[in-house]
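This document starts with one chain, in the form predicted on its own, laid out as structure tokens.
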């Protein structure tokens, strides 16, 4: 298949590159990270003005109807600049879940606000004992009158502290690993019974554990069919795997560029490090790993919209496994070539390595998705 961008995709890539190069430098990012929320609402409004928040949302509800390839184009540039705003949590995970499972009323209420930058979301699905298994849900939802009572513990929910709404998965029936019996709920984090325990993550983002202690939500909070949410969750997460992988590819590209510049300027034995053949070979190997991951990323992005079921899942699993492996190798090599200073807070290369490491473990690391790929048929 062809990996050439369309004219619109190239325009998107060019505009994202210009804007982020001008507004999202390394020092600016560190300032944003140190703020109370860990991200900039001013930058978020700029993303809305640029149409980035509306990009993958349905046109019927204020979106641009962009494809997964369009999304990957943007996420690759986010990776190059280590964007910390809640794009993955709000647009890729939260809004996608509502677009796939929400009622017409729910979509009409939520999605236009997301596109306009007026509302943020967090996807509260993973649990402390989940082991990357999307069906392993211990949180419960019990019918009570005309509503539901939610109880359980959700772990490492990205940007939950600043989210206006949480999308929470809970089990309405069955055993902890059953595929049936899982439902999605739209929850206001301020309701009684919901407690957030926020913390920074190693890559500079913010997350929280979400504790549900008999939190009561109305029937109108249910997204889609009760007990049949797992296929929707799998579709949402597979698309998120592509977005994360595209972000990782962008981070790999920036890491290689930084390392190349360092080797050209750092002197050893009166010569630049870049003049040593063994280090040139290391750089070529890093570049080859990145280019293969990038090609696989856009192939998988195309598969998200053109295929279903097992083929879609295999494409996502293969990609996540490869980007995890490539990101680890490139990050480790880059830090080693920089020496010990590569992991200091003042050196950008260490921040890229941390982000690639965190991307690897989100929704399953390289080893998990390799096993998943082998088990799908």
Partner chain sequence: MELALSAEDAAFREEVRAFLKDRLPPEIAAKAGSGFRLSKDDHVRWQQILFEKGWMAPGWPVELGGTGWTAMQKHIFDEECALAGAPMVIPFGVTMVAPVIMAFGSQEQKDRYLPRILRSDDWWCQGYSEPGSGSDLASLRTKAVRDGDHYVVTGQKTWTTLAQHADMMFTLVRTDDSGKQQEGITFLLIDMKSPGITVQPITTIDGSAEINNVFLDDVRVPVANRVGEEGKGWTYAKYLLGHERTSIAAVGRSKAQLRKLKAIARAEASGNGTLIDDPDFALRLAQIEIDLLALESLVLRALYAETAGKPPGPEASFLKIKGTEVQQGLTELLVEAVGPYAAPFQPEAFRQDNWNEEPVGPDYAPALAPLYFNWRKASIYGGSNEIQKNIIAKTVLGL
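Residue numbers count along the first chain shown, from 1. Predicted model only: the values in this text are computed from it and were never measured.
The next section is about a form of this same protein that is not shown, the form predicted together with the partner chain.
When the partner chain is considered in the model of the complex, residue 350 lines it closely, a heavy atom lying within 4.5 Å. Interface residue remark: residue 134 is not counted as part of the site for the partner chain in the model of the complex, having no heavy atom within 4.5 Å.
In the model of the complex, none of the heavy atoms of residue 48 sits within 4.5 Å of a heavy atom of the partner chain. The partner chain is not shown here, and in the model of the complex it never comes within 4.5 Å of any heavy atom of residue 220. Distance criterion of 4.5 Å from any heavy atom to the partner chain in the model of the complex singles out 343 from the list 64, 33, 318, 343. Only one listed stretch (324-332, 38-46, 306-314, 66-74) carries heavy atoms within 4.5 Å of the partner chain in the model of the complex, and that stretch is 324-332. Applying a 4.5 Å heavy atom cutoff to the partner chain in the model of the complex picks out 153, 155 from 140-155, in order along the sequence.
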